[in-house]
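Single chain ahead, by itself, as C-alpha cells, in the form predicted on its own.
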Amino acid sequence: MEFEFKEHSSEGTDGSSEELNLNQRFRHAGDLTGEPPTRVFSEIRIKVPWGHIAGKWYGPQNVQPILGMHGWQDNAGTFDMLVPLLSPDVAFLSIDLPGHGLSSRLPDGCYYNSVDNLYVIRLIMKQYKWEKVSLVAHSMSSIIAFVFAAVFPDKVDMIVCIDSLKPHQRPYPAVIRTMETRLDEFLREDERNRSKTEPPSYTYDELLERVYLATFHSVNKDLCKHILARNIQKSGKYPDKFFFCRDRRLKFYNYAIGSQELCVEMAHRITCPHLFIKASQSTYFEDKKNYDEVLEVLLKKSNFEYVAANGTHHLHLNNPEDIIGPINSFIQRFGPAASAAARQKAKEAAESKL
C-alpha cells in the first residue's frame, strides 16, 4: 500500500470503542477501485475526549502541516485532487470532522453545532503543540475558519476559504421554523443510531449516483468517489452492498452563528492573511447584501485577497488547477514555514537589540 496508519496520542484514554476495520471501512477511493491514492499519505488518528479525529497527512511529518477542513457531510477526501498540486515540501493534514468520515461520532444524545468545531481546532493545536494554525477550508469549514480567525486572531497564521465567506443569515421566521423541524428530525436520527440497526444499503454505483444528486451536480460524477469512500461501510447483510456510515444526525446540525452585525464585527477582528475564493457557478447561500457588506470590510485589509474562479461549489475537487496558483502563492508567503521564518527573524532582531 502507498500509505500507512499512524496514531497521535496524548495522556488520557481514547474513550472510544471504535476500531477501524479495513475490511469494512475505506480510507480513499482506491480501497474500493484499486487505483493508487492521488498523493501518498499517512492515515492518522488524534485522540479527543469522545474518541478520535481521523485524517490524511500528506508530505513531510517533521514540520507543521496546514490543516484542511471539509464541507458539510463531506470528509477528508474533499482535497484529494487539490493536494497533489501543492508544493511537495508543504505538509497538509486533511481531517474528518466529528461524525464525518472515519472520525468518531459525538456520543448519543449530543447535538452537532457548527461553532463547536472551533473546539476541535483548539484540541488539535493542543495535541500537536502548535502555537498558531494555518487553515484551508471549504464550505461549512470556511465559515468555521472565518469565525476562528475572528475569535482567536493571535492563534492563526493564515486562512484560505473556498466558496463560503461568512456565517449565512436567514430571515428570523425561517430560522425559528428550521430550529423546530431540525430538532424533531435530530431526535428521530438519534434514536435510530441507538437502535444499532444497519441503515439501508446500496451498490457502489448507486451510492455514487446518490452523492452526485445530493450535491446538486456540484461534484463531477467521476470524482464523487473521493467524497464517497470515507463515508461508507461494507454491509453486514449484503456482500455486494454498502451503506452510509457518517452520523445521520449531521443532516440536522445547528449551523446558525450569530447575526449579520456579529459577522461584520468578526470581519473587523480578523487580522491574519486571508484568501477567499468564490466559485462563479455557486450561490451566496443568503441575501447577497449580507455577503457584500462583509466583503467590503475585508477588501479594505491589505492582507485580504479575493479570487473569482470558474466552477461549482466543489471547484477545488473538480478543477483545482484553476485555483492552485493563488493558493500556492498564498501558502508560500503566509503558510506555516513562512510564518515560522518570520517569527524567528523577529526574535533574532529583538535579541540583537539587547
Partner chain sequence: MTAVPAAGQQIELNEQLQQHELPMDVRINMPWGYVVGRWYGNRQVRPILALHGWLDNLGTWNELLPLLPKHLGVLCIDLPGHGFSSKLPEGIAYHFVDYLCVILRIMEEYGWQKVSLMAHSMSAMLCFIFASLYPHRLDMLISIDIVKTRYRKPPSQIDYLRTNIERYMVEDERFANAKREEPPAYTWQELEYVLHKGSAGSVPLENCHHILHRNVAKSTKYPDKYYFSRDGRCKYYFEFHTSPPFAAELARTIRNVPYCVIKGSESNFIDGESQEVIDILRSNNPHFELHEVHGTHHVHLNNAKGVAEIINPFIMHHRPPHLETWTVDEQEELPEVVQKFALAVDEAENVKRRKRKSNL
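Positions refer to the first chain, counted from 1. Predicted model only: the values in this text are computed from it and were never measured.
Heads up, the form predicted in complex with the partner chain isn't pictured, but that's what we're talking about next.
Engineer: Pick from F244, W130, W72, F152: which residue has any heavy atom within 4.5 angstroms of the partner chain in the predicted complex?
Structural biologist: The residue from F244, W130, W72, F152 that makes the contact is F152.
Engineer: In the predicted complex, which of the listed residues (Y119, F216, Y204, Y238) lies with a heavy atom within 4.5 Å of the partner chain?
Structural biologist: It is Y119 that has a heavy atom within 4.5 Å of the partner.
Engineer: At 4.5 Å by heavy atoms, is each residue in S94, H168 and K300 next to the partner chain in the predicted complex?
Structural biologist: Negative, none of the three is within 4.5 Å.
Engineer: Work out which of the listed stretches, 85-93, 279-287, 189-197, 218-226, brings a heavy atom within 4.5 angstroms of the partner chain in the predicted complex.
Structural biologist: That would be stretch 189-197.
Engineer: Is P49 a contact residue for the partner chain in the predicted complex, using a 4.5 Å heavy atom cut-off?
Structural biologist: The answer is yes: P49 has a heavy atom within 4.5 Å of the partner chain.
Engineer: Does the 4.5 Å heavy atom contact test between M81 and the partner chain in the predicted complex come out positive?
Structural biologist: M81 lies outside the contact set for the partner chain.
Engineer: Verify the contact flag for A256: yes if a non-hydrogen atom of it lies within 4.5 Å of a non-hydrogen atom of the partner chain in the predicted complex, no if not.
Structural biologist: Contact with the partner chain, yes.
Engineer: So in the predicted complex, does T271 come within 4.5 Å of the partner chain, heavy atom to heavy atom?
Structural biologist: The answer is no: T271 has no heavy atom within 4.5 Å of the partner chain.
Engineer: Select from 82-120 the residues with a non-hydrogen atom within 4.5 Å of the partner chain in the predicted complex and write them out in sequence order.
Structural biologist: Residues within 4.5 Å: L106, P107, D108, G109, C110, Y111, N113, V115, D116, L118, Y119.
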